[in-house]
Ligand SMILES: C[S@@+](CC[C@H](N)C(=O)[O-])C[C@H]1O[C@@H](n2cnc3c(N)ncnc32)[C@H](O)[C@@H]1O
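Take a look at this single chain, the form predicted on its own, given in structure tokens.
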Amino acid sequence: MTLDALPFSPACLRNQEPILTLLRRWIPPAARVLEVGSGSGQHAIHMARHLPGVHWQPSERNESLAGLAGRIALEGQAGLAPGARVAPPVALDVTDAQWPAGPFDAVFTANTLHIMPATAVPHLLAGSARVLSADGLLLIYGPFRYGERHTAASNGDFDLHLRQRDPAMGVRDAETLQAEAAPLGLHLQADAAMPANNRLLVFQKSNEGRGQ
């Protein structure tokens, strides 16, 4: 498989630097990171090129795994930051009970919550809580609503577009997400504004909750 034949996301290219800037603040050196829904693999490669010592574990649903594996095979072995590694991608459906073996220092996911069915979001939170180490972080990038209100008209239009495609899709409410995460021992530590009306939500695992 050639590089030109691989899946490519313009959104990943646009947002990778702002995301990297915040990951540098939050992810500790030599962290073990599980990425949920790695898609084209662009984030995995970019982060491993700039975060020394990181062990990045990409994952994707079975039907999208081939393209992701192709990018990791072509780009994931050279040009990485000192000590960094991109592992071969693994299959992961967040609704499955079996997740990659932890513990991970961080779980990262970008632009996935509005695509997955609403019923899958609690599984994402619970699965992350299970595989995170003590004090581990869950970092979620994407558009969000607050109190059922959109932060920008463009996000409202995007939400409508998604729900017309599939009623199970849609921009998720950050406050609802926070309420669902807390009983699992995942507590919001930061809610950072990002370009194009996106946010980065950072949850930290504590020693309480059902996710232990």
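This one's a predicted model, so the numbers in the text were calculated from it and none came from an experiment. A residue's number is simply how far along the shown sequence it sits, counting from 1.
The same protein also has a form predicted together with this ligand, omitted here; what follows describes it.
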With the partner removed from view, which of 50-58, 146-154, 35-43, 172-180 is the stretch that lies within 4.5 Å of this ligand in the predicted complex, judged by heavy atom distances?
-> 35-43
Is V94 a contact residue for this ligand in the predicted complex, using a 4.5 Å heavy atom cut-off?
-> yes
Verify the contact flag for V202: yes if a non-hydrogen atom of it lies within 4.5 Å of a non-hydrogen atom of this ligand in the predicted complex, no if not.
-> no
Any of the heavy atoms of T112 lying within 4.5 Å of this ligand in the predicted complex?
-> yes
Should N197 be counted as a contact of this ligand in the predicted complex, where contact means heavy atoms within 4.5 Å?
-> no
This ligand: the contacting residue among L125, V86, M116, V131 in the predicted complex [heavy atom, 4.5 Å] = M116
Check, residue by residue, if T21, L23 and Q189 all come within 4.5 Å of this ligand in the predicted complex, counting heavy atoms only.
-> no
